[in-house]
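Single chain ahead, by itself, as structure tokens, in the form predicted on its own.
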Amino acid sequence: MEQLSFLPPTAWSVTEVNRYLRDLFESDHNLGDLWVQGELSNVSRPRSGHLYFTLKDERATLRGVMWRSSVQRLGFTPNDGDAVEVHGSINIYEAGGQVQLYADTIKPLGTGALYQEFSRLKAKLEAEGLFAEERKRPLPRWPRRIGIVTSPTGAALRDMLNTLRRRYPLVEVVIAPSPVQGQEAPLKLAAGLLQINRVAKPDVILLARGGGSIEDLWAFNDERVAYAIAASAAPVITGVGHETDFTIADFVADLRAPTPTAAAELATPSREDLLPALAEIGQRFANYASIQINERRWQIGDLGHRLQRVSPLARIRSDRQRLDEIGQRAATLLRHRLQMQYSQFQANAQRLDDLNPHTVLGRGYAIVSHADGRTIRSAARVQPGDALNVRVSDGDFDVKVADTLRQSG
């Protein structure tokens, strides 16, 4: 006989029910680690970076979510209609009371072996530090030489060259041709990176190819290519496939571009970017030139002064002045000597004048001479009756000596 209970049943809140279900899901190890196959629908990528989707098959649907940290590690972009395998855990979303698949990995169906190899190599290289941000090298602002490793016949090369010519025609481009798919492609790509570094020494390298299937892009998931990128002396920009394609090379590269054209754009400044830089350089050059001109002008002025001090012209001017001084001194000396000689001449002339017989005659004296001109200096030389000539100051006259002669006592 069933015993009746006198206590009313305990009512649970919705939160308590959902929390109880969550605990049940978390305690089931099978639901904590499983792969689920299905077709994606209602794929949503909000600004938060998380991925929301619905996984369905012919009979049922299962809602799923992948957090941003896991989305960033995906090698492709999931889209509606993709057949995929999703790894994760089943749990309940308490606020909405909905069972959800919390995914950490999504891979396309039909590529399971390739995807597993991709994941294995990705984990290996990441553990070796090849993906570390601290080893990423900055790109040169003004590259002078750009190396390109790609197929010489592909459309990707034409697109990159057109972009480089349009944006930055000053740059020199060096191409290392290599196949970008097939069995020999990984070895050729790695050799191309090594050779272009050794021979061309570019400032930056573009490693690129156009879009394709995962098999077409598989050469860029090879560890030989990864190690060649890591060992490159120049920074490497990858532009492999389309925006939704991710390869191992993208994770190792210093910068990933969504397309080959975008890789060429990221590697170069545009002409518009050059204008302010050129204006700045021009101003710096003008300032430098002005400083140099002023310094050279000062140096030339200083050299000019020094040259003037040692110039023969300065000596000539100095000697000319000395010559003028000597000339003045010589003229003064000459005038002085002339004045002295003139004074002496005047004194001599005066003495001569004093001794001049004519001057004596002016004082009342006379010169007596014979008719033949012999001057009579003594009375004893005169005989009575001699005819004599007497010269006085204003003329002369003849006289005859008297009979009687007197001699002064």
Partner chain sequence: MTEKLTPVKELTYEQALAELEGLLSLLETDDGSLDEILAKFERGQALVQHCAALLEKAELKVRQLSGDEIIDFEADA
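Numbering follows the first chain given and starts at 1. All of these numbers come straight from a predicted model, not from anything done at the bench.
The same protein has a further form, the form predicted in complex with its partner chain, not shown here; the description that follows concerns it.
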Quick check on Gly81: any heavy atom within 4.5 Å of its partner chain in the model of the complex? no
So in the model of the complex, does Phe118 come within 4.5 Å of its partner chain, heavy atom to heavy atom? no
Does its partner chain come within 4.5 Å of any heavy atom of Pro169 in the model of the complex? yes
Taking its partner chain as it sits in the model of the complex, is Gly301 near enough to touch it, meaning that at least one heavy atom pair lies within 4.5 angstroms? no
Partner-facing stretch of 253-261, 199-207, 89-97, 227-235, counted where any non-hydrogen atom is within 4.5 angstroms of its partner chain in the model of the complex: 199-207
Within 4.5 Å of its partner chain in the model of the complex, do Arg19, Phe25 and Leu109 each have at least one heavy atom? no
Work out which of Thr332, Gln292, Gln321, Ser213 lies within 4.5 Å of its partner chain in the model of the complex, going by heavy atoms. Gln292
Of these, Ile281, Leu338, Ile326, Leu307, which has a heavy atom no more than 4.5 Å from its partner chain in the model of the complex? Ile281
Within 266-286, which residues have a heavy atom closer than or equal to 4.5 Å from its partner chain in the model of the complex? Arg271, Leu274, Leu275, Leu278, Ile281, Gly282, Arg284, Phe285, Ala286
